[in-house]
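A single chain, nothing else alongside it, follows as structure tokens in the form predicted on its own.
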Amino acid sequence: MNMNFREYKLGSRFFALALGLSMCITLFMPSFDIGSVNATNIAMDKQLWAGHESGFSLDDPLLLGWHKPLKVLLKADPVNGQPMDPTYAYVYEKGTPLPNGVLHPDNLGSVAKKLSIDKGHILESNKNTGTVFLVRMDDQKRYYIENASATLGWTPEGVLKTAGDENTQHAAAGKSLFVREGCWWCHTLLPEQTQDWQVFGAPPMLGDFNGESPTAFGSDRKAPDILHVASRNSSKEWMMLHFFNPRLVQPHSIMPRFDYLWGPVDANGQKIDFAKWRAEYNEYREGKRITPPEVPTYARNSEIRNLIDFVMNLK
């Protein structure tokens, strides 16, 4: 018995050692290769609009979209008001955690790190006062992050005022809702290198993920991949119908309704009567009325606005 028990212990230790080595080879060692990859402009855009953490964090423990950056489209210089080429800026208001590429520049790769520090002045970013970032390209077509608050004197308040609400995206808060509502249980954000190319668009490259947390790849695809969904469908009106009741646009959809993300009132401040809407929809489904009831327009501070902003940012 003692001999058998010793052999059992020896076998268990060898098994644990083999398992540990295989996990090290599979998970730990590739991280050195990933860390040496330079971030693409896609990765910089992604981490700047998504922010430091779009999953669970102490800054947003309930995944309500708190303390998230804003992506805005600028058509005029926020300092002098002069017209400029349309430019995306990433606004980190006072107290918003800075992005991973700024807190940990090594995540950008050696080339982008040096450019972002030397030309972009990212180390001068300040969470306590807020910062505005840009994605820039130098004359050698190398991308880097620029701290526009340091280089151009742009303030979060000035940029948001110049852009206006109609040019402001709450995509980062929307990504937190995407995680919270379990959307990634059915939708992937990772087209495969197969016929997916023809259906969902090209798969992402390794350098597209630097600094993103979480990646939200998804788990078991039960619905279309949506990494490039806004390139296939850029209609906010369609998205609004789809989220309020997917059966309005896909009669056999298995996707649940997300009408509760509208909140209690519509864009005009009128109370939304959900029971009345569903009763009228059932009449439409049963053929008792010709058209479905009209979907209420969402309020600017509703959670569904954030989620749709996130989806419309996936191109």
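In this text the structure is predicted, and so the values were computed from the model without any measurement. Just count from 1 along the sequence shown to find any residue number.
The form predicted in complex with a small molecule is left out here; the points below concern that form.
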Heavy atoms within 4.5 Å of the small molecule in the predicted complex: which stretch in 129 to 137, 85 to 93, 176 to 184, 110 to 118 meets that? 176 to 184
Three residues, K222, V229 and Q250; all within 4.5 Å of the small molecule in the predicted complex via heavy atoms? yes
Whether M255 contacts the small molecule in the predicted complex should be assessed with a 4.5 Å heavy atom distance threshold; does it? yes
Give a yes/no on whether M239 approaches the small molecule to within 4.5 Å in the predicted complex, heavy atoms considered. yes
Although the small molecule is absent from this view, report whether G65 comes within 4.5 Å of it in the predicted complex, heavy atoms only. no
Would Y143 show up as a contact with the small molecule in the predicted complex if we use heavy atoms at 4.5 Å? no
